[in-house]
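We begin with a single chain expressed as structure tokens, specifically the form predicted on its own.
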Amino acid sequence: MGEDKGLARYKKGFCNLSGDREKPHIVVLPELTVSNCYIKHLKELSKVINSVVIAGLDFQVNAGNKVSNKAVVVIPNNWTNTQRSTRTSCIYFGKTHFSNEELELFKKLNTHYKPKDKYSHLPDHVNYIIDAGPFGNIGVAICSDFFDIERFVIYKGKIHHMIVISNNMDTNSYYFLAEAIARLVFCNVVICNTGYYGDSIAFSPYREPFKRIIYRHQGQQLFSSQVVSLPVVSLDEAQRNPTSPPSDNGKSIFKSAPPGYIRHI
């Protein structure tokens, strides 16, 4: 049997990234991208490129037909070092609020197959913060969880980056929400959407409007791999000193912190 086309495509993406003179420190793949049987291959790719990988996994179904929508964070043991990694460790986070399309899918499965235990969603109610050391603190969300206001109340003052993996056709809504969250939480926002719908975004709360969109990939049914650079040190300084933020030629680098912003890191 031939290799899975999706796996082959993402291997190609990793090959493109590994050929860059400056390899990415963190690689992000969209929601529902990696089949569960290919997690072992993802670990190998993480070791080869020596980068942390945040990737959406296929649905996971337990014995009672409870369905989870999860993502894996693969961490190679020599991450940030020049020496090639020999092993990896993994952590997982899940989706809290399933989309209407997902819930409708479960209804159709129950109607068609009539299982003894009906298919239903299994939400993950934990909000995770990934401590990436010199690369800052990262908040994560899977697709429709990006609309969870309570999540951002928790994250405000605690993260430098918000990473959202998605399989989303409502691209304009996510774009406008990215700008809003970047201002309200005062952090960088990265949305990694499936290439089938397009519109992956990297947004930062810079003062100058032309600097805010660091990357935006529009267009449907397009495969792309791209390395982007996000501010960490300067944004961290702005978060620590919101009344006296870093400046360039006497002008603040970033937009003003939101009212009542308090750093909690």
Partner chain sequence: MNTYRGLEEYLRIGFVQSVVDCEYAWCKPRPTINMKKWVKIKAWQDIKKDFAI
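Positions refer to the first chain, counted from 1. Since this is a predicted model, take the numbers as computed values, not measurements.
The discussion below concerns the form predicted together with its partner chain, not included here.
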* **4.5 Å heavy atom contact with its partner chain in the model of the complex for all of Y10, E31 and L222** => yes
* To do: Mind telling me which stretch in 107-115, 148-156, 81-89, 176-184 gets its heavy atoms within 4.5 Å of its partner chain in the model of the complex?
  => 107-115
* Asked: Would I191 sit within 4.5 Å of its partner chain in the model of the complex, counting heavy atoms only?
  -> yes
* Any chance P205 has a heavy atom within 4.5 Å of its partner chain in the model of the complex? -> no
* Asked: So, in the model of the complex, is V232 in contact with its partner chain at a 4.5 angstroms heavy atom limit?
  -> yes
* **Partner contact for A257 in the model of the complex: its partner chain, 4.5 angstroms, heavy atom** => no
* What residues of 23-42, in sequence order, lie within 4.5 Å of its partner chain in the model of the complex by heavy atom? -> K23, P24, H25, I26, V27, V28, L29, P30, E31, L32, T33, S35, N36, C37, I39
